[in-house]
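The chain that follows stands alone, in the form predicted on its own, written as C-alpha cells.
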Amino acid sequence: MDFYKKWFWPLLLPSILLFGFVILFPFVVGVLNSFLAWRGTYYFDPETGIRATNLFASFIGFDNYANAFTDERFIRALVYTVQYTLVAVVVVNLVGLGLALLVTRARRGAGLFRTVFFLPNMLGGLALGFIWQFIFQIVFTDILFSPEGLMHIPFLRYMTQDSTKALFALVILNAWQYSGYMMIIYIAGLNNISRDYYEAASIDGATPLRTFRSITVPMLMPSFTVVFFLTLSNSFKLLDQNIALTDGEFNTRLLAMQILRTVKDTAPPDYGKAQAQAVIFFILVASITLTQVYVTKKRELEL
C-alpha cells in the first residue's frame, strides 16, 4: 500500500500536465477569445478600427454571442443538428440493440458476426463519407432506384442534394458506422442478465414481448446510459462525415461544420464569433448529455 501511495502522484502527474496543456489551457483561452474581437492572427480594436494594442482594447463582451444567435446560418445548423440527432439516436440504438439480440442468440459464427458488424467503426469519418457518397450518388441514384433500376424509389435518389434526404443519408451512414460499436456494449449488458429471470418468466407463461419489456429493457439500463451518452455526443459532434458526404451544400451544415466554416463566411475571418459558437456548442452538448446521464442513472437506481 505504501508503494502505491508513494508512486501515485509521480505517475499521475504526466497525465495531468498533458490534460492541462492539450485540453484545459486551450479551452480556457478559447472561452476568453469568445469575448474579444479576434481575427486569428491579431486582435481588433472596434473603436479605432485598427489592430488592438492590448487584449483589453479588443474586449467586446457578449457581442460575439449575440451575433451568433442572430446568424441565420448558425440557427439553421443548430435546428438541423437537433433534427439529425433525434433521428440518429433512435436509429443507431434500435439497430445496435437488434444486432446484439441476434448475435447473442446465434449458435454458430457469433464471433464472426460481431467482427463484421464492428468493422465499419474502424473506418475514418472522411473515408466513410466518400464511400457512402459514391453509394448514394451512383449506386442508389443510377443503378438501384432509377426508373430502369431494380425498383423506382424517388426518395432514395439524389440523397445528398436535398436537406431532408441528406439528413436521412447521414443517419444511414452513422447507423452503419456506429451500430456495431453500440452492439458490443449491448452484448455486454445482455450477458450480465441472469438466465434465471428468463426461466422464471418462461415458467409463468410470459410472452417474448413481455419478457423483453419487463426483464431485458430494465436490466439493460446501465448499457442504455452509456449508449445514449455516446450516440448523443457523437451525433452533435459529427463533422468529417458531413464534409465528405455533402460539404454543407443544400443547407446541410451541422453545428460542427458551421463553426468550422464561420471563419470563411466572414471577411476578415471572425475567429471570435466562431469561438463563441464553439462555446455555445459545448454548453449545449454538455447540458444535454449530462441531463441524459442523470435521467438514465436515476432510472437505474429506481429499478
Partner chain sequence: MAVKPRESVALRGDTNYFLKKRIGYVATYVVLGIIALYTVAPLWFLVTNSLKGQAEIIRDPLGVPRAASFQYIIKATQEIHFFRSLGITFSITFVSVGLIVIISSIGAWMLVRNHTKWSQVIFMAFVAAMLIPFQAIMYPLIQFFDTLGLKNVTGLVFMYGGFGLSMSVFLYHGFVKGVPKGIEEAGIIDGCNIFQLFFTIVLPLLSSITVTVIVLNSMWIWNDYLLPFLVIGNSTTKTLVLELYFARILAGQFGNPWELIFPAVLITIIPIVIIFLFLQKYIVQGITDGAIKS
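Note that the structure is a prediction, hence the values are computed from the model and not measured. Residue numbers count along the first chain shown, from 1. In this text, rigid core is short for the largest set of C-alphas that superpose within 1.5 Å between two forms.
If you look for the form predicted in complex with its partner chain, you will not find it shown, but the lines that follow are about it.
Taken together, the three residues 22, 117 and 138 all come within 4.5 Å of its partner chain in the predicted bound form, as judged by their closest heavy atom. Taking 99, 232, 78, 167 one by one, only a single residue has any non-hydrogen atom within 4.5 Å of its partner chain in the predicted bound form, and it is 99. The shortest heavy atom separation between residue 65 and its partner chain in the predicted bound form exceeds 4.5 Å. The shortest heavy atom separation between residue 121 and its partner chain in the predicted bound form is within 4.5 Å. By the criterion of a heavy atom within 4.5 Å, residue 9 is counted among the residues contacting its partner chain in the predicted bound form. Residue contact check for residue 216: none of its heavy atoms lie within 4.5 Å of its partner chain in the predicted bound form.
Residues are counted as partner-facing when one of their heavy atoms sits within 4.5 Å of its partner chain in the predicted bound form; in 262-297 these are 263, 271, 275, 278, 281, 282, 285, 286, 289, 290, in sequence order. Relative to the superposed core, residue 16 undergoes a Cα shift of 2 Å or more between the shown form and the other one.
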